[in-house]
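Next up: just one chain, as structure tokens, the form predicted on its own.
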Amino acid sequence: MDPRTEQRPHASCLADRAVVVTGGASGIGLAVAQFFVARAARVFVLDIQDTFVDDVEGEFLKRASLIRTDLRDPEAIKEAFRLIGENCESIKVLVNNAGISDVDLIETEPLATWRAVMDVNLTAPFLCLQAAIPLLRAALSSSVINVASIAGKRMSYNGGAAYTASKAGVLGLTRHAAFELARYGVRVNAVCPGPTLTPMILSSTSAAQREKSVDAIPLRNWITPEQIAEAVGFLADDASGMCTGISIDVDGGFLVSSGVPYDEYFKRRAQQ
């Protein structure tokens, strides 16, 4: 039977279904893991960190397992999915979230930095997807969500060229994988966060820079990791059952503002 037309369980029924989140020990990834735990999923977090950054307890620790994984290492990725396969017959949702950034200008960036960013941000999602395909197929209806960035559609002001290029590559990988894996009933989509208050942003910007950035966000707030998690959850649910190969911008209108201070737009119009 063609898996594209086969009767499938409702994707929102996540109770005890396996969800894999890379980079889930902190930031957006942790918010995503918490989102799925709250819906009774069994969550496997792949992260280079040994522990969750925030204090987590109770039901979360009962349903979330942290597998220490260096996502720069192809063999470590294979081993992580082997372990998951020993515990689960299928994977319902794979969220490729882990990411790092660079700060150098193109003319000064070391090749080692470029390669490190590409390894984590682009090669790791490819390898995780590749390793997960048998378990995703076994779910009959499954979903892959790649966390890209609006930088992949324009450029990064806080990161460097490697970050921008890697996130553009994630969007390309998303489209191509959506086409190839549709025959297995696997949907592949992306979420593109805008200015989000993650540990990476907090460590690379000052409070003054963050306050100034709000001027270019029409909805006048930084995005929270929990809001990104909600978008990921939508793409994992049957509510988006005919969506594949798309990306959802969660940026408060940042892209449509083109970086122009929001109030400045109205001031100019008032003077005309």
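The numbering used is simple: start at 1 and walk along the sequence shown. This structure is a prediction, so every number in the text was calculated from the model and none was measured.
One more form of this protein exists, namely the form predicted in complex with a small molecule; it is left out here, but the text below deals with it.
When you look in the predicted bound form, the only residue of Val147, Leu136, Cys128, Val188 with a non-hydrogen atom within 4.5 Å of the small molecule is Val147. Contact with the small molecule in the predicted bound form, defined as a heavy atom within 4.5 Å, holds for exactly one of Thr164, Thr198, Ser141, Thr123, namely Thr198. Here the marked residues Ala18, Ala177 and Gly233 all miss the small molecule in the predicted bound form; none has a heavy atom within 4.5 angstroms. Segments offered: 128 to 136, 180 to 188, 107 to 115, 90 to 98. Contacting the small molecule in the predicted bound form at heavy atom distances within 4.5 Å is 90 to 98. Using a 4.5 Å cutoff between non-hydrogen atoms, Gly194 counts as a contact of the small molecule in the predicted bound form. In the predicted bound form, the small molecule sits beyond 4.5 Å of every heavy atom of Ile248. Contact check for Thr244: every heavy atom lies farther than 4.5 Å from the small molecule in the predicted bound form. Proximity of Gln49 to the small molecule in the predicted bound form: non-hydrogen atoms within 4.5 Å are present.
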